[in-house]
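What follows is a single chain, given as structure tokens, in the form predicted alone.
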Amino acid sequence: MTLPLEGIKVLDFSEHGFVPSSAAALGDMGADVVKLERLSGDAGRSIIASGMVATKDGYDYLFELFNRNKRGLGLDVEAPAGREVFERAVKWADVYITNQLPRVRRKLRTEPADLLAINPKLVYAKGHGQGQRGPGAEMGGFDGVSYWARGGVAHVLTEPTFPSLVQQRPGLGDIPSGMFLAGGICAGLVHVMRTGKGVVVDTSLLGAAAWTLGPDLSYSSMTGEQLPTRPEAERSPLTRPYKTADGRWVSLMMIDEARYWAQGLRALGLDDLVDAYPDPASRQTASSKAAVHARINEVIGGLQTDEVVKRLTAHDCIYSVFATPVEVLDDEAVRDNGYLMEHPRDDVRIAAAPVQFDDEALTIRRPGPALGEHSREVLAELGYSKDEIGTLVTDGVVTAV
């Protein structure tokens, strides 16, 4: 299969979800990713174990999601011998990825200037909470804070009448932000290829939220107010949600009303409305919208979901049932396009990076690594002899399985 990043070497010295997911996406696309962990391991390994996120039989699917297609190296980078290993790995890499805070980077001497001095052609990628400038640059951040709360996403998704805020799903800001960082890294690789000079790539969760809420923020910048939700009564009856007889919601989204007016109504057996409201002017009045909405609501409300789906599909309407995650797993498009990858070892499916090449689905070539699982293999590739590797392990500089 086509793996466009095959041969690209990535050193991933990051933890939790956001930045590791970026490296996982690069691994999906063929990069050789080495996950560098401190001897105590990635703190993200404790999320499932702590009970913060539900699982089955203790299985850590979050770690697999964020760390598939990587090899694992456990290393004490503060020990002199560990620093030597680290610098060899930096020289080996085309890309270095981190989410260390500035104070940690200063302490460990892993700032961009430090590593570009070791490898002038390095793509140095960093991801963090609030941005690289201003007082927030020194602060920690998680997607629940920097993306969901501070970025305004939770606010705009919570209706004023709700008794509490809409709750975030696990990794809801981490995973898309990781893909944004992966895109920046790919641009950085092109820059190095063209110029021969290394480059620093930066992505923050707050910046990712600003991109996500682009329309809202542009409106607010012009008016000083929040973008209002258009009242449902003002919207076309062909762009509203409806509830079926068996309690499911179906979203109609036929924005091009002129094109879909006849086929959308005929799909529901409302042929009389096609002639009753033949042109845009007749369909735009409040009374006509209310009348058509009431008829559609009556028809869909009297049908089982399967029948609604059958009718709308037969007339090539643009719509969807509001699917549950269990239903998404069985969605023909999700299955046929390989949007969820089969795990090579465990009974779990993992979301693939949302990009494909030459119409081929991505695969998990390697499960998430155990702490230090590939330490000996990676060290050998960095030029260490078997005896030298043994000494590093015995001295506690390297963790090896």
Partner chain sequence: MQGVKVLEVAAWTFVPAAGAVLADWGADVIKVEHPETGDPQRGLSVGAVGARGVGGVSFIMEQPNRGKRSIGLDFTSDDGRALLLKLAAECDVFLTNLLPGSLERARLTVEDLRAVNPKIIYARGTGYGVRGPEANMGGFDGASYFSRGGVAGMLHDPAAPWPPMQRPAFGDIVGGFAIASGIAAALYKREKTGEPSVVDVSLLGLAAWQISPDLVATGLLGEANLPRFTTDEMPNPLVNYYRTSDDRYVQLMFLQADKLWPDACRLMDKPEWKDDPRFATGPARFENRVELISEMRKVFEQKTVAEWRAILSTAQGVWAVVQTPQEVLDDVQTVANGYMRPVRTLDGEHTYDLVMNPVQFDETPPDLVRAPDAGQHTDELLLELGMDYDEIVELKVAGVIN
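Only the largest set of C-alpha atoms that superpose within 1.5 Å between the two forms is called the rigid core. A quick note: this is a predicted structure, and the numbers were derived from the prediction, not measured. Numbering follows the first chain given and starts at 1.
Keep in mind that the form predicted together with its partner chain is missing from the display, and what follows is about it.
Any chance S21 has a heavy atom within 4.5 Å of its partner chain in the predicted complex?
Because a heavy atom of S21 falls inside 4.5 Å of its partner chain in the predicted complex, the answer is yes.
Is N99 close to its partner chain in the predicted complex, meaning a heavy atom pair under 4.5 Å apart or at it?
Although its partner chain is absent here, N99 would stay clear of it in the predicted complex, with no heavy atoms inside 4.5 Å.
Verify the contact flag for G82: yes if a non-hydrogen atom of it lies within 4.5 Å of a non-hydrogen atom of its partner chain in the predicted complex, no if not.
No - in the predicted complex, heavy atoms of G82 and its partner chain never come within 4.5 Å of each other.
I'd like to check something about T394: if you look in the predicted complex, is any of its heavy atoms closer than or equal to 4.5 Å to a heavy atom of its partner chain?
The answer is no: T394 has no heavy atom within 4.5 Å of its partner chain.
Which one of these stretches, 290-298, 180-188, 262-270, 275-283, sits within 4.5 Å of its partner chain in the predicted complex when only heavy atoms are counted?
Correct option: 180-188.
Residue among L108, L303, L227, V90 with a heavy atom within 4.5 Å of its partner chain in the predicted complex:
For this set of options, the contacting one is L227.
Heavy atom within 4.5 Å of its partner chain in the predicted complex - the one residue of K121, R150, R71, R311 that qualifies
Selected option: R150.
Since the partner is left out here, which residues of 307-343 would have a heavy atom within 4.5 Å of its partner chain in the predicted complex?
Counting only heavy atoms within 4.5 Å of its partner chain in the predicted complex, the contacting residues of 307-343 are C317, I318, Y319, S320, V321, F322, A323, T324, P325, V326, V328, L329, D331, E332, A333, V334, D336, N337, Y339, L340.
Does T161 shift between this form and the one not shown by 2 angstroms or more at the C-alpha, the core having been superposed?
Where the cores coincide, T161 still shows a C-alpha shift between this form and the one not shown that is 2 Å or more.
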